[in-house]
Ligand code: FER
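Read the single chain below, which is given as structure tokens and is the form predicted on its own.
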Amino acid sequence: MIESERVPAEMLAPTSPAGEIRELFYEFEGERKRALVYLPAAAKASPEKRFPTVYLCHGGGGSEDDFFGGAEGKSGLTHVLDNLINEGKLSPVLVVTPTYYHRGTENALVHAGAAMTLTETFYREFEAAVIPAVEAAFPAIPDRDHRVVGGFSMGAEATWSTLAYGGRAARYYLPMSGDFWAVAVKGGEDHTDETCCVLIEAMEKAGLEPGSFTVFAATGTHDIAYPAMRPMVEELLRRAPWFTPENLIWCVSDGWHAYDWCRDYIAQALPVFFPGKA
């Protein structure tokens, strides 16, 4: 286990050069959907270059606006990314915030079971629509070794499910404040052993092998997700060769269930996946 580090106040301040947020519209199963995309300053400076891509799924009841605070970037996450890149701690990356919600799924906004159906199948939309749309419109490196899937709360469930059922699409995973619900809601707490077995069996069935992925799992001791996430991660770390301290980094803060703590986890995890040249 490692301790989470708080983002210093100066990392939340604007810096130059700075990236920008753009909108992306794409189609999935006849529905027009929207995502936000952080484009690093290096994409303008070097139009011929391609970059790793980070996909972040919002929490339950949220939207594609949540991580960035809308297209205006009110959350400060863009400043954190700019500062990490400018200081050489992080390679320039694209950051995409899609949504797993669809028309006609309003019940899922307030009902965990209904939402689980969306998050556990998000990997299909990710592979069929999100990745192709992003890589057609932005300078993304088009291979799994340069893709991260992450998410907060219900988005963390989408992250674990993507690893389980669609893990060949991305190498890196960043579940924040959420466990895997394939067995039951909060299955990491109430059905720990079975949940871990289902995860590994699904990964193996999907064609993954030990050593072909890396997970950075993070939450806080005051987080409502901590009681479910902690036993699941600790049990996974007993399941070598599938999970070891080298490919499952367990990061714990003293934080709560909120996006500002996710900002800290993102700032700590992304340089592990794609370190800069500081």
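The first residue of the shown sequence is 1; numbering continues from there. Note that the coordinates shown come from a computational prediction; the quantities given were computed from them, not determined experimentally.
A second form of this protein, the form predicted together with the named molecule, is not displayed here; the remarks below concern that form.
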Among the candidates Thr159, Thr97, Ser153, Thr195, the residue which, in the predicted bound form, approaches the named molecule to within 4.5 Å (heavy atoms): Ser153
Interface residue in the predicted bound form among Ile224, Leu237, Ala35, Ile249, criterion: non-hydrogen atom within 4.5 angstroms of the named molecule: Ile224
Please determine, with the chain shown alone, which of 203-211, 179-187, 122-130, 88-96 has non-hydrogen atoms within 4.5 Å of the named molecule in the predicted bound form. 179-187
Is there any non-hydrogen atom of Gly60 lying within 4.5 Å of the named molecule in the predicted bound form? yes
The named molecule contact in the predicted bound form: Arg22, any heavy atom under 4.5 Å: no
Report whether the minimum heavy atom distance between Ala228 and the named molecule in the predicted bound form is within 4.5 Å. yes
